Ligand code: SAM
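Shown below, as structure tokens, is a lone chain in the form predicted on its own; questions about how it binds or moves come after it.
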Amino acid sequence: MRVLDARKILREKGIRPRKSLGQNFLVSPRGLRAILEAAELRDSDVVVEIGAGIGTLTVPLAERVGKVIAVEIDRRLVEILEEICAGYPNVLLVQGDVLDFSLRQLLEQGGCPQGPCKAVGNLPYYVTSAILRHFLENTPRPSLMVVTVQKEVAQRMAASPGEMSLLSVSVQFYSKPRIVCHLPAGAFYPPPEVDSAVVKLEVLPDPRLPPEEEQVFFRIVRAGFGERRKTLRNSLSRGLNLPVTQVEEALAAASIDPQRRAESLSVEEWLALYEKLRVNLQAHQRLSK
């Protein structure tokens, strides 16, 4: 598979990649192929591309799907994209920070407000978590995401109980992540200082909790991870400002050993704990008013 020559195109345009924007352009045919295959593309798909760059992914997407909404923050690169995508009427270029647009706004601009859609992109390392939260925590959500992220971040996203983190729980609360492949630094121009990985996130069709309850759920999770070296018994008591006895009772009711630590719990166990703790939290909130 031919990949656009980022070095040549940027050199001809007199453009230097901006480190401040995390600009590392994919130059690996293997990486490009992995992203396209993982996205399970159909000709009826609507795809939102996060950080279109010089069009390395935009063009093959446009050749495979019904609509591509390509978002790029760098105005210099948008001018390149306009040239490269001129022959693809199914591509809508949106100049700006993807975090400034809701998915609904992007879909409306693309003339497909009802969705559904998929999201793909090579995420700048410095805003990876923010972009994931932006797409997963709000509605509507993509049905599928395929993103390239720092290798260590990918491992945290797809972690199993025993190695979980707040990011792991946040991602797995909304989706089923799977690492598709690893990419060395040389798969990008200019090469970043770390290796990367392509991650596929199958977004759950139905929310695990009503939106109004998600805030309380994540309050509990953040409390659990608030003091990593402490047991759940202590970290939850301190983080939620609840008596130790109440925390112990909730953990027992959820069949969770109070001596365990936050990184050992699965999302399902956090949900079970939430069901047992939320009554105590609501009562405590009423008393503190």
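As the structure is a computational prediction, the values presented were derived from the model and not from experiment. For every residue, the number given is its place in the sequence shown, counted from 1.
What comes next is about the form predicted in complex with S-adenosylmethionine (SAM), which does not appear here.
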In the predicted complex, do Ile73, Asp97 and Pro124 all put a heavy atom within 4.5 Å of S-adenosylmethionine (SAM)? yes
In terms of non-hydrogen atoms within 4.5 angstroms, which of the given stretches 36-44, 251-259, 50-58, 237-245 touches S-adenosylmethionine (SAM) in the predicted complex? 50-58
Answer key, S-adenosylmethionine (SAM) contact in the predicted complex at 4.5 Å (heavy atoms) among Val221, Ala62, Leu26, Ile69: the residue is Leu26
Under a 4.5 angstroms heavy atom criterion, identify the one residue in Val198, Val171, Val153, Leu77 near S-adenosylmethionine (SAM) in the predicted complex. Leu77
Hey, in the predicted complex, does Leu21 get a heavy atom within 4.5 angstroms of S-adenosylmethionine (SAM)? yes
